[in-house]
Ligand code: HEC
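In structure tokens, the next block holds one chain alone, the form predicted alone.
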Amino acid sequence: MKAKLLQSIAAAALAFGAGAALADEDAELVINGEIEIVTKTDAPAHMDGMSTIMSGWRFRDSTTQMMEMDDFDNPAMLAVEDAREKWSTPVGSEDKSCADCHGEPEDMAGVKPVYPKWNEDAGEVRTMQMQMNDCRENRMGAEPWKYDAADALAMEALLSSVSRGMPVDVAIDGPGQSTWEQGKELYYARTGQLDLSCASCHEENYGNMIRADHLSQGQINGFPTYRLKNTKLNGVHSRFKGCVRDTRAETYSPGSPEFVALEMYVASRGNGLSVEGPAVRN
């Protein structure tokens, strides 16, 4: 077991040392020929040691990039269409739909860019999925959706799609600052048998190859994301869970306070990039 672990660490170290060019450093993302997406911009002031931030789209090969450039080719848009139908369908003991309170999905443009955010009434930082479930339970009298499961991800993808092109703008001050600080601590904490942190890959080694993966900066402006690897929409907490698991550490569950804090911090690292989800990744 120890020998295999050392071999894995050695392989990772060799891969980290092998630099790789971006798929196309000059590529620009325009969706449907009209939605301009900022995939590279100056890093927000609160980020130390990085001057430029880049969407994961820039680290994918040209074939994968092209799938996101047209909604007809983006497999995630099937889930978005399903969510549109659910949006206007009354459910629960109150026989209410999302549309009854919020109008058309397009009326929700501008919501996704600011999440996670502090909720004054609840006295906590909430992710978009948490807020959606609050509506389902307390306004619609419906069962909450399982975190990062198909229904929740489809609805989050719909709400993301109507904000595409808008800049991510997650607040890091005010009453939510302590949650943000917790997320930052988790981001830089080394864990597991491989003794890796989020920063080990996505800050110190982005652009390099680890096995067959072209390491990105780990930006989450494209979530929910359709992954070709498992042919379905993926939530950011599930991605966090997979990353922590890959360090061979005990991991948290989607929807846990730890992952809420981590999402808030990581989302703020993308302030200035465009909302891009639902994106397509490997």
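So that there is no doubt, residue numbering starts at 1 and follows the sequence shown. Since the structure is predicted, the reported quantities are computational estimates derived from the model, not experimental observations.
Keep in mind that the form predicted in complex with heme C is not shown, yet the notes after this line are about it.
Contact segment among 71 to 79, 126 to 134, 202 to 210, 150 to 158, judged by heavy atoms lying within 4.5 Å of heme C in the model of the complex: Flagged stretch: 202 to 210.
Partner contact for H214 in the model of the complex: heme C, 4.5 angstroms, heavy atom: H214 belongs to the contact set for heme C.
C98: touches heme C in the model of the complex, heavy atom cutoff 4.5 angstroms: Residue-level check for C98: no, no contact with heme C.
In the model of the complex, L233 touching heme C (heavy atom, 4.5 Å): Outside the cut-off, so no.
Partner proximity in the model of the complex: T41 to heme C, non-hydrogen atom cutoff 4.5 Å: Looking in the model of the complex, residue contacts with heme C do not include T41, since no heavy atom lies within 4.5 Å.
Answer option from M67, V244, I35, A27, heavy atom within 4.5 Å of heme C in the model of the complex: Checking each option against heme C in the model of the complex, the one that comes within 4.5 Å is V244.
In the model of the complex: members of 202 to 241 within 4.5 Å of heme C, any heavy atom: Result: H202, I210, D213, H214, L215, S216, G218, Q219, I220, F223, T225, R239, F240.
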